[in-house]
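Only one chain comes next, encoded as structure tokens, the form predicted on its own.
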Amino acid sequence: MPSSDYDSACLPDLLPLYYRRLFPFAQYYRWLNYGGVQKNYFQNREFSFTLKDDIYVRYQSFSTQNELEKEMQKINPFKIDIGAVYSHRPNQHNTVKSGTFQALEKELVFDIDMTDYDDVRSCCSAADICSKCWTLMTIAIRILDRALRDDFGFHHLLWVYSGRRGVHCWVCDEAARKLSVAARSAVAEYLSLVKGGEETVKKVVLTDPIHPFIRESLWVVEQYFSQYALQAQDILGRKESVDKVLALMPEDVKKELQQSFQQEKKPETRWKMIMEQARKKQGTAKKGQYFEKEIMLQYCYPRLDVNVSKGVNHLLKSPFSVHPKTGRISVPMDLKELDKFDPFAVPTISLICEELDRPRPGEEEEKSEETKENEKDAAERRKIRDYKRTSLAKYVRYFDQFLDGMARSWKGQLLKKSDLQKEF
């Protein structure tokens, strides 16, 4: 069954199999337990589940991996969201004194959704995506990943495909998890350039001198601009889209280009003419001297849902959750392969469940060996092998690599902790 054959009506039948045999609970727990460095870190974490018919269950929490596993296998959630680490166990929030139940920590998260780019893409709209507009997600990841690492010094960034039309970033460094609402807002604002709603024509305004962060971002945008804006979206081809570009320029430049464009129809040549006009403007003290850079940023710069990043208690869809509409698994992304990432190649739940039933050479021998062993151990090993038999395997491997990187920092923290204890 190819991944395009997913039928949402089958989801209730597929989820029990997914949570019983394919969901990577061991890695998931390893991530959210953060090496056990902080007491009760996992136990005080909020999970929220969306069940069939959009029944939404908040403030779930679990003492152990086993407890989480059993509950998820019992209720088979259609969607999983992860929330903050609270002062008390979320499932006991009704029993604690009013005002004392508070969100203390959470990963710094970013949500980039293709619907926020509808004014700069003509190939798709709303929840639809295609390979032409997916370039916008590639640009967003390149820009934000560099800034979060180089400008803020974060190391542990988990990029996850949402399963439908966007990407999420989980910044998992201890310093990021401890950020206050004000600090999260400051980071999100620093990274936001495209401002204004539908009624705002010019959404990017640059001032002199251009900030080094914006220069770095422009360097990324320049690599993709021709491919995305001029070719895929044809922004200088059709009259309607040409008018939208001209509206972002100073009036005198706009008039001159309107005349020049009468003779020249090729989008690439038209863009060269815009660049030529921009060179003439540069060095003048006039507003709008960076109009060609503003155009590139307005069409290609990441558009963040700032509210998702600001709140400590904001919930975000969990990695390895299934998207009910597309059936695709919300998978970690490998940035070394970013330009090759294809959202349509991400496995659906129906595909990986079908892959489980395909016999593999040598499997019969393995089974007879298992009967000689302790049944529980055999079941554990079978569970590990199960996801490895499917298209999900490489994404779990990316997750493992990410966790190995984090484990090195946990080790450092645990060593520091034990050294301090020795001193006392």
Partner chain sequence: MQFSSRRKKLATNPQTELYTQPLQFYVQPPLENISLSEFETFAVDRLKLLKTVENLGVSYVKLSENYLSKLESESKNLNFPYKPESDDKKSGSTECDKRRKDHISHFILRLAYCQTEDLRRWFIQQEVDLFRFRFNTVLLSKQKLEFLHKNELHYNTITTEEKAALKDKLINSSYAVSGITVTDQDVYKVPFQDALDLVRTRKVYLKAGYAYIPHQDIVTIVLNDFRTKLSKALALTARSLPAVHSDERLQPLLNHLSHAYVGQDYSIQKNVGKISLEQIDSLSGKSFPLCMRQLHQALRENHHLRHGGRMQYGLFLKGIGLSLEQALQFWRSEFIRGKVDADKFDKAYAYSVRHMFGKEGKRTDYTPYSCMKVILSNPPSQGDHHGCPFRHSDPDLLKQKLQVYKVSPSGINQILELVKGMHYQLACQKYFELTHNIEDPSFSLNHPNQYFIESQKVLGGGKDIKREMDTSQRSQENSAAKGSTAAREAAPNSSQHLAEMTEDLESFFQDA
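Positions refer to the first chain, counted from 1. Bear in mind the structure is a predicted one, so any value in this text is a computation, not a measurement.
Not on display, but discussed next: the form predicted in complex with its partner chain.
Partner contacts here mean any heavy atom within 4.5 Å of its partner chain in the predicted complex, and among 302-310, 264-272, 326-334, 340-348 they occur only in 302-310. Site residues S185, S192 and T200 are all in contact with its partner chain in the predicted complex, judged by any heavy atom within 4.5 Å. This chain appears without its partner; in the predicted complex, the one residue of Q259, T207, Q282, N94 with a heavy atom within 4.5 Å of its partner chain is T207. Contact with its partner chain in the predicted complex, judged by any heavy atom within 4.5 Å, is made by just one of D151, E354, D234, E276: D151. When its partner chain is considered in the predicted complex, M72 lies well away from it, no heavy atom lying within 4.5 Å. Mapping the unseen interface onto this chain, H211 counts among the residues with a heavy atom inside 4.5 Å of its partner chain in the predicted complex. The closest non-hydrogen atom of L179 lies within 4.5 Å of its partner chain in the predicted complex. Although the partner is absent from this view, P250 stays clear of its partner chain in the predicted complex, with no non-hydrogen atom inside 4.5 angstroms. Residues D53, D54 are the members of 50-78 with a non-hydrogen atom no more than 4.5 angstroms from its partner chain in the predicted complex.
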